[in-house]
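Only one chain is given next, in structure tokens, and it is the form predicted alone.
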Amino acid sequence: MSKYRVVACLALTIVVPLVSACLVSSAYAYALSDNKQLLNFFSFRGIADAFRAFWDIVGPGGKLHPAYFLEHKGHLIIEGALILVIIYLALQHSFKVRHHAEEPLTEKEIDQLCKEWSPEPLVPSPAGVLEPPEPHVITGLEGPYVYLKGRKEKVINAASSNYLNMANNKENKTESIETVNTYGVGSCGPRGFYGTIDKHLILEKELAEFYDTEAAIIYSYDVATIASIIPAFANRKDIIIYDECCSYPIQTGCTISRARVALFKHNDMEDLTRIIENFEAEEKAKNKPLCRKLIVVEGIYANYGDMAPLKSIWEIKNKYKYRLMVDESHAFGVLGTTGRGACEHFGLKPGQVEIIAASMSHAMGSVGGFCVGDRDIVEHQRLSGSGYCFSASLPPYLAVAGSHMLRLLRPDKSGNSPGKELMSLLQKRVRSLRDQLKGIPGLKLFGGAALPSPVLHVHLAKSSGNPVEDQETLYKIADHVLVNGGVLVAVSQYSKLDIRRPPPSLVIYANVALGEKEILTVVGALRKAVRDVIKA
């Protein structure tokens, strides 16, 4: 506390009691002169008379009342005091540098401290996570082969989810080039602010017709699609239940929503029912108002490659009056009679699943994501979907690439289509690849050979018990496969923010460009790599 504050406090402690004593004494003397007799000041009557006398002095009409003071030019004293305060403040410096005993650092010392300083990471690396090696850079394409930077020979690309080879489709590329010549390479604006182009509206209309829904909406980034949809339909009052093996975008969407979130065991319908019934009992016991309730799953799980039992989940959600949201990113264009995905594969009709979302970066061979459903569900996202509202819209040529893929899937009068033939060919490649991968000693194919999923996660048959050691072994296998076998495969990588990290795995994608020759090469290279690496 400064010396000025100490003096002010002492002055108040002295002046206030003195003024109070003077006022009380004056009131008591006035009461004595009025009554002409001495009263006991500490009696009830004495206190009452003193208070009345005090009020006559300070109350309205009294000599110490502010109105009396101002009427007799007292305001001049107040104004003069304020002027003095203003002059005092105007003459003060806004900031005075305090002098310290320490000498300032020299330029050399400052430079030395800067060299020695190392910033801490914004997100510290959690224990037990291996830093991935430098990613391979693709410099050219040739059918199912790619050219990598620093390598002359082409290699088989088994690390791409270009399931129907739409990204390399000749007609698709021609239409995209024509669109670039007409519209340019980007829209440079969000959909709500001059970023909507007719190609966007055409693709949304075609998606709605393809899924036989009222409306559709497209996003410019696939990861942001499901992560924007979930918080658009849930808040802190609502309930979300999702499979523990759902990928990072779904986890992020649930976190952002701030809803009450619960995870059920992977594809375990009994656990899902148990969690729902617990919520129902809690809601009833606390007499809580009605809220929105949502179940979220993936048609094909990106982190495992297996499928959600959608028919059973649909029956449970119907029983307990929940809404169902399905991420069809890896099932769209792959499963179902017409390519609508896992919902169609399990016999669910359009409209039975309230919200369907998918990426356009896999079977469609484009970029971005979409959502289909009732018109109310779609239109709500145009104001509440953050990835839609705050991102530049999809470049027009990518929307044209999506429309091209949908036209290939659209059946003719006989029920056939080029897209249907491609999906049939893809399933042959999936069966062939799964049949041969399951027999490699030292490796274990998750989900077995019977799954129609083109996402294949291959784990070590005998884990060391340490995820870091297992992942390091898989990196060695992937490197051996590339260097000695000419095959590019991926090793699973997950966000450091993932709630549940799956075990490390090699990730292989089946696609129509891989022929039997390429599949035999992939399997042979893996077999030799496992034999050499694990024995070493």
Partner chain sequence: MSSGDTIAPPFFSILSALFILSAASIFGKIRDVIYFLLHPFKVKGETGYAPIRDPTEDFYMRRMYGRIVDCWNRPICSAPTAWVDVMKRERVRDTTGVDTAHIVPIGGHTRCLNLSSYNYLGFAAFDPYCTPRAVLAIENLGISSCSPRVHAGTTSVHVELEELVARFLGVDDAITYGMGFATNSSTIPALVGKGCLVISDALNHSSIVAGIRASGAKVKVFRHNDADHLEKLLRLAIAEGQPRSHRPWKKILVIVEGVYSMEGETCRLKEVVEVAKKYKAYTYLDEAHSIGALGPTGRGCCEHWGVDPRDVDIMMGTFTKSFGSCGGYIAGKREVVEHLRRHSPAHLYACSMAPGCVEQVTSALHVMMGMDGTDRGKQKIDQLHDNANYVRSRLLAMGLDVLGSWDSPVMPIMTYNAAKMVAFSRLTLARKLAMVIVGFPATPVLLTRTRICISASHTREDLDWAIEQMEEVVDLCMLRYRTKALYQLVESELKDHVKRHFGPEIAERATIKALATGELDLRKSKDLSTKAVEGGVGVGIGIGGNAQQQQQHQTQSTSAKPKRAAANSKAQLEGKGPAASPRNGETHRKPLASVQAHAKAFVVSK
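Positions refer to the first chain, counted from 1. Everything quoted here is computed from the prediction, not taken from an experiment.
Beyond the structure shown, there is the form predicted together with its partner chain, which is absent from this document and is the topic of what follows.
Candidate site formed by N181, D222 and L383: every one of these residues places a non-hydrogen atom within 4.5 angstroms of its partner chain in the predicted complex. Between 313-321, 341-349, 437-445, 460-468, the stretch whose residues reach within 4.5 angstroms of its partner chain in the predicted complex through a non-hydrogen atom is 313-321.
The partner is absent here; in the predicted complex, the one residue of R410, H266, H136, R260 having a heavy atom within 4.5 Å of its partner chain is H136. A heavy atom within 4.5 Å of its partner chain in the predicted complex is found for one listed residue only; from K152, K73, K286, K115, this is K115. Within this chain, I87 is remote from the site of its partner chain in the predicted complex, having no heavy atom within 4.5 Å. Residue contact with its partner chain in the predicted complex: L488 places a heavy atom within 4.5 Å of it. Although the partner is absent here, E131 is a contact residue: one of its heavy atoms lies within 4.5 angstroms of its partner chain in the predicted complex. Taking non-hydrogen atoms only, D306 never approaches its partner chain to within 4.5 angstroms in the predicted complex. Although its partner chain is not shown here, in the predicted complex the stretch 265-298 places heavy atoms of L290, C291, R292 within 4.5 Å of it, in sequence order.
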